[in-house]
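What follows is a single chain, given as structure tokens, in the form predicted on its own.
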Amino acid sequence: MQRSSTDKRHFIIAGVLVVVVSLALYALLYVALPLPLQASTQAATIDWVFQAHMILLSVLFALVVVFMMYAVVVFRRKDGDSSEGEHFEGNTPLEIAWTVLPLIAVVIFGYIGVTSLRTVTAAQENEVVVDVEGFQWAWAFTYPDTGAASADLVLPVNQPARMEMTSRDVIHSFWVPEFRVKQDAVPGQTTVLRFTPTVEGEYTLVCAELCGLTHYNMIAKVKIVSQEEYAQWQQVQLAAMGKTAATAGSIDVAQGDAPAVDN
């Protein structure tokens, strides 16, 4: 085979290798970095964005490494060869391609990011509102519609939830890996996080912002239960606080009686 850098056969071979390496690397990453259970409607959107970025990273890695290694192997200097390397001025179509194609990719992924963010943060009807307070090093949850309070976060399945968060001291970060979404709790401000849990079960809320000595232990239980269990749990919490549903307001979320939520 000719060793000229302008021989199209080199580009064809390198192109095929880029495709093969890209697919192999993506498959390796997919197996080596499994994602947690999808337990919210937002998780599917975020996972799709994540996978799209993994594909892009695999292609970019292959483009750099394959062409570099191909040049090292095919165009290496042979023993006894003291001549200078081939001189060429440039390749206009190639230069246009590596300028335009990355620009197109940036625009596409920018659009994907904006639309995905809009989707996962959109307000929903009949949201369960929870006031969340982070502090060193625990979480507290209050349900303003009823006045119930708990150290655990309990939510009904398949009903949109809105966390209105603040911090008592330093910045904390609300993150349940199975829900995918994450939001900081900032002192002196109220930040909002929305998600719709879709799988009943018990999860772990962790702080994803380094916040002090026992940051690693700033966790809370998250329980996703049926509508009926949620109503019963609210009744138990209110009874423990000496309240009743009549004084605290309706908690029959299964019937859609929760007040409408504005943005």
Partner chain sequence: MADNEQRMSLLSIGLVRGLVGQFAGILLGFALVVLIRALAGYDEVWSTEPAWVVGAILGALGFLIAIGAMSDWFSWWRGGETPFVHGPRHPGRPTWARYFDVDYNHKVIGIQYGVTGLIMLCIGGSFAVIFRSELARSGLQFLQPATYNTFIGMHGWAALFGIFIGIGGMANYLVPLMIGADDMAFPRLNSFAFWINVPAIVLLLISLYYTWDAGWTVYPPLSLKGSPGFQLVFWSIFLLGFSSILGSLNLVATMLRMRSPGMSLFRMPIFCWAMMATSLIQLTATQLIAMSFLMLSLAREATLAMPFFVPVLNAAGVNIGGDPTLFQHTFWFYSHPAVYVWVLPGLGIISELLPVFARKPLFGYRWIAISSLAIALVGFLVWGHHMFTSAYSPNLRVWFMVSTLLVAVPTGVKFFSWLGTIWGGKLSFPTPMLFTLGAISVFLLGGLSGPVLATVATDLHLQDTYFVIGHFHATIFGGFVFPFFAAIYYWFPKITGRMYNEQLGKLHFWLMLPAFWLMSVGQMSVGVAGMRRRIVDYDPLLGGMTRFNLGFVEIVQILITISAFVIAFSILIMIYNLFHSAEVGRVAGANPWRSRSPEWQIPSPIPEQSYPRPLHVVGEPYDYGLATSPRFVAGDD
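What you see is a predicted model; the values in this text were computed from it and never measured. Residue numbers count along the first chain shown, from 1.
Just so you know, the form predicted in complex with its partner chain exists too; it's not on screen, but the next bit is about it.
S.K.: Is there any non-hydrogen atom of Glu125 lying within 4.5 Å of its partner chain in the predicted complex?
M.R.: Residue-level check for Glu125: no, no contact with its partner chain.
S.K.: Should Thr142 be classed as touching its partner chain in the predicted complex when contacts are defined as heavy atoms within 4.5 Å?
M.R.: Outside the cut-off, so no.
S.K.: I'd like to check something about Val114: if you look in the predicted complex, is any of its heavy atoms closer than or equal to 4.5 Å to a heavy atom of its partner chain?
M.R.: Flag for Val114 set to yes.
S.K.: Would Ala151 show up as a contact with its partner chain in the predicted complex if we use heavy atoms at 4.5 Å?
M.R.: So Ala151 does not count as contacting its partner chain.
S.K.: Does its partner chain, in the predicted complex, lie within 4.5 angstroms of each residue among Val31, Phe50 and Glu178, using heavy atoms as the measure?
M.R.: Every residue of the candidate spot has a heavy atom within 4.5 Å of its partner chain in the predicted complex.
S.K.: Quick one: find which of 156-164, 143-151, 127-135, 100-108 has residues within 4.5 Å of its partner chain in the predicted complex by heavy atom distance.
M.R.: Heavy-atom contact with the partner occurs in 100-108.
S.K.: Even though the chain is shown alone, can you say which residues of 88-103 have a heavy atom within 4.5 Å of its partner chain in the predicted complex?
M.R.: Result: Phe88, Glu89, Gly90, Asn91, Thr92, Leu94, Glu95, Ile96, Trp98, Thr99, Pro102, Leu103.
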